[in-house]
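Here we start with a single chain on its own, the form predicted alone, put down as structure tokens.
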Amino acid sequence: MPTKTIRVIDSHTAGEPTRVIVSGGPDLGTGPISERLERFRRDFDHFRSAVVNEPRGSDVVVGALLCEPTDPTCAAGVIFFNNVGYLGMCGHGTIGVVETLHHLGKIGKGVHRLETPVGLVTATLNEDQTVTVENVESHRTAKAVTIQVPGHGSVTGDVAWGGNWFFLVSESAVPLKLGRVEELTTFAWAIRQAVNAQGYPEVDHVELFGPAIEPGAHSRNFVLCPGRAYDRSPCGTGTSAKLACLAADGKLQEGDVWVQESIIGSTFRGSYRHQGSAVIPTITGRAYVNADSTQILHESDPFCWGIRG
């Protein structure tokens, strides 16, 4: 007999999947979303694994647990997680959450606020069904950091925050082609290890850039996420970090649009406004709901709580 059921809504944003838990999730109590994330991590990490890891999920799935917000003006609170842990913020996931809330009839077109572990995020469900996310304050902390990457020599990049920590390499030594994903993954993973060894242990995403292919795009990227899966979308927090670097270098003016292309050819439109020495990025993309299902957790199943490395 099943011991527990969980209702989830699956969507993808520019190709990157989001799995939203709408019922059956763990009781994390009350208080700030950041505190509830820590309870999730401490007491219910097996639940995270069950939802996104095999055999129910895969390395690429990003999960989102809906929570009651502490701020009554917010449409929801949300905790994002992946195959290895938790995310402070997730841009594509936020777009997926907004589309999911609309699919459930909980919100309509217009401006909505969400509570995340790293702060309040504003998202607008536009008339054309795209979603524009006003992300958390983003900034660059280190410019042109050169590291030695075993097997690849010197690599130079910036360290920046866009809701998660990134090492951004402006010119990838490996061509950004979908057929070279395995090579790009190996390269980016080696970069992450080298960056962490050089005093930036907080960096858990690596973002490689190259020339755009799609008409109207400004650049193409390959983003390696913490669990070694690559982002199919252009990455919302990664694009936010890129905007912070462009602003710091004077290469993109406030309000101008930057079109970021992903490794699969999907795009996000990004812009920013100044906030002190940092920027507030906005990212626009589209999500599509593709499943509304019930996950069944059998206590007798040896892989009930997911396959973990």
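For every residue, the number given is its place in the sequence shown, counted from 1. Since this is a predicted model, take the numbers as computed values, not measurements.
Below: the form predicted in complex with a small molecule, not depicted.
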Notebook entry, point to check: Every residue in Val20, Glu99 and Gly285 with a non-hydrogen atom within 4.5 Å of the small molecule in the model of the complex?
Noted result: no
Next item on the list: With the small molecule left out of view, choose which of Leu114, Cys225, Leu176, Val203 has a non-hydrogen atom within 4.5 angstroms of it in the model of the complex.
Entry: Cys225
Notebook entry, point to check: Looking at Ser138, Asn164, Ser172, Asn221, which is the one with a non-hydrogen atom within 4.5 Å of the small molecule in the model of the complex?
Noted result: Asn164
Checklist line | Interface stretch in the model of the complex with the small molecule - options 67 to 75, 138 to 146, 182 to 190, 231 to 239, non-hydrogen atom within 4.5 Å | finding: 231 to 239
Next item on the list: Check whether Ala160 has any heavy atom within 4.5 Å of a heavy atom of the small molecule in the model of the complex, and answer yes or no.
Entry: no
Notebook entry, point to check: Though only this chain appears here, would Cys90 touch the small molecule in the model of the complex if you measure heavy atom gaps against 4.5 Å?
Noted result: yes
